[in-house]
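Given next, in structure tokens, is a single chain: the form predicted on its own.
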Amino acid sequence: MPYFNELGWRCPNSSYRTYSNSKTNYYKLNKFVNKPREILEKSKKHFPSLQDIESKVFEKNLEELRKRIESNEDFKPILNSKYYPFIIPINYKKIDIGEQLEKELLPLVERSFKNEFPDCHFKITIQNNLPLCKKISISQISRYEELVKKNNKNVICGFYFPEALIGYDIPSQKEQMRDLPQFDGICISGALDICSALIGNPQMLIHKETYSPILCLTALEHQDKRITCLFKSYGPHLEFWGLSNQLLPGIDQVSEQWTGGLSFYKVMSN
């Protein structure tokens, strides 16, 4: 059985909890995906350390990664789903991931979003007003720690596939890294990649005709196990939530609107 169907959606099986056995077509992302050159220019406005990176170098690295995905029979079908290039500057500070998300990444997402949509708001809501600093850890099975380690010494570029796991509950999203084949540079999506993708494509969740999916930062785990970090749209507005995903204690909800992403990445080379 293939790992992904013709839409680039992870094929479900009996060990996963999914809303449906087919990919929803009701919740949609904005149809426009910015070109790599524009993504790099937007990223440079918010990450000064990227100023010396040339567009042709960024594009070359992305093309190398895309070809590597395309040449892998297990992962090739995922290219049929929508994906967003991103670039992550070196994390020189090597700070706690919760602090990095709360104090650096979210303000930059807000700034990028407000630059694109000055009349709209960006709102942060954390259930019970719990902080993110020192409260966030990385899921051990997400393979996300490898991205963080490489980012401590390197600029990272890659592709974020936000709809790969739409309709999967949170535990089933995490389990993918146990079941999917090995690939040099793949992880469940989290803070660095999703925030960078939104900085380069602030319109991602803004959709005039229908509702957008809710983007879960599944690689991250809050100290309060009920809480999931996510991005969602509210009309023309963008919001970040730390929201409970449990209907009952220990029982995660299954929703066709909630989606987990897969990210493919590589170290930037000249």
Partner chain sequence: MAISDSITVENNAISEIEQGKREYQRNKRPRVFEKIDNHNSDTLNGSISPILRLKINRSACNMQCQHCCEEPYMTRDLVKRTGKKDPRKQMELEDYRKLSIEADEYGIFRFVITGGEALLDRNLGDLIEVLDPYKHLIILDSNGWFFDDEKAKWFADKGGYKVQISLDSMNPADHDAFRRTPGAHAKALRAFKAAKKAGLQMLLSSCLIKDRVFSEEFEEMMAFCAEEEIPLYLTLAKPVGSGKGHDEWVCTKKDVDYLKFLEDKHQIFTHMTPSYGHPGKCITVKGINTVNHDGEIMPCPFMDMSLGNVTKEPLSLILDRGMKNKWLGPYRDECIIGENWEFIKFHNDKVNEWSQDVPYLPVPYEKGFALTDSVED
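Because the structure is predicted, anything quoted here is derived from the model rather than measured. Numbering follows the first chain given and starts at 1.
Below: the form predicted in complex with its partner chain, not depicted.
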Within 4.5 Å, heavy atoms only, which of I141, I124, I90, L180 is in contact with its partner chain in the model of the complex? I124
Consider the chain as shown here, without its partner, and state which of H237, R68, K60, R37 has a heavy atom within 4.5 Å of its partner chain in the model of the complex. H237
For the three residues Y211, L243 and S255, which mark the spot I'm curious about, does each lie within 4.5 Å of its partner chain in the model of the complex through at least one heavy atom? yes
Which is the contacting stretch out of 190-198, 156-164, 106-114, 75-83, given heavy atoms within 4.5 Å of its partner chain in the model of the complex? 106-114
Partner proximity in the model of the complex: D184 to its partner chain, non-hydrogen atom cutoff 4.5 Å: no
Using a 4.5 Å heavy atom cut-off, state whether F47 contacts its partner chain in the model of the complex. no
Against its partner chain in the model of the complex, would H207 count as a contact residue? Criterion: heavy atoms within 4.5 Å. yes
Can I227 be called a contact residue for its partner chain in the model of the complex at 4.5 Å between heavy atoms? yes
Considering only 10-27, what residues come within 4.5 Å of its partner chain in the model of the complex, judged by heavy atoms? R17, T18, Y19, S20, Y26, Y27
